[in-house]
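Take a look at this one chain, the form predicted on its own, written out in structure tokens.
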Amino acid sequence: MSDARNTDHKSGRVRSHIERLIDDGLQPHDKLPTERQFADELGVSRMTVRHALNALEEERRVYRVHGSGTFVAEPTIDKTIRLTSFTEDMIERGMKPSTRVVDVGTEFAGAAVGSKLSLSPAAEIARIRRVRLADGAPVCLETVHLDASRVHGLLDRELTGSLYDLLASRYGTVVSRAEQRIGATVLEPADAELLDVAAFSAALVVERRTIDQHQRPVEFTRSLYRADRYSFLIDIER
């Protein structure tokens, strides 16, 4: 066996060992043994251990803290490019979705939101700001804007479940398609606190405009997703 193949084989063995440790009971943020401990236990070099940990870090199964060690990462959520709600996404992944409402209210649409909802800037919109959680951990901070004239009484209702289900059952509005833009940003201190991460942590910003069964705009939502917990999976065919 060549040196390169031998190294890959040993690194793969170390990686499998670490994955078993994680799967057999370690919890997110538990500390892993040191590179030296792994090397001594498995009879390999520290460089081989480092290769395995690098691969696991790239896949976001572990993370490193300089001067402290290597830790088990929280599971990431891969979002496919399908029109689904956060609630549906979490249930599909075997996770328990929940919601914490931050604030609700009405305001003028303004130029930016008004153009997304085909409304006058002076039109009244309903605004809902919520933190979305997966298995109790905050993942997303979303701000939803809707035409207030189409959702009378919405802000007085329970808003901790799927908004799409509520719009369909209460208002006869069925979301059929969406336009979505994904970008990168950092979290302002107030938003970071709501998502339980450090200020200016990396985040994905997702702007979505949904369209109903009559081809009318339904909502414009701006969501901030923790970059350490959420990613988008795109299936590309040639």
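Residue numbers here begin at 1 and follow the sequence given. Just so you know, these numbers come straight off a predicted model, no measurement behind them.
Quick note: we don't show the form predicted together with a small molecule, though the next part is all about it.
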Tell me, please, which stretch of 67 to 75, 147 to 155, 127 to 135, 107 to 115 lies within 4.5 angstroms of the small molecule in the model of the complex when heavy atoms are compared? 127 to 135
Just give me the single entry in 197, 62, 42, 206 that has a non-hydrogen atom within 4.5 angstroms of the small molecule in the model of the complex. 206
Should residue 161 be counted as a contact of the small molecule in the model of the complex, where contact means heavy atoms within 4.5 Å? yes
Going by a heavy atom distance of 4.5 Å, is residue 180 a contact of the small molecule in the model of the complex? yes
Spell out, yes or no, whether the shortest heavy atom distance between residue 221 and the small molecule in the model of the complex is within 4.5 Å. yes
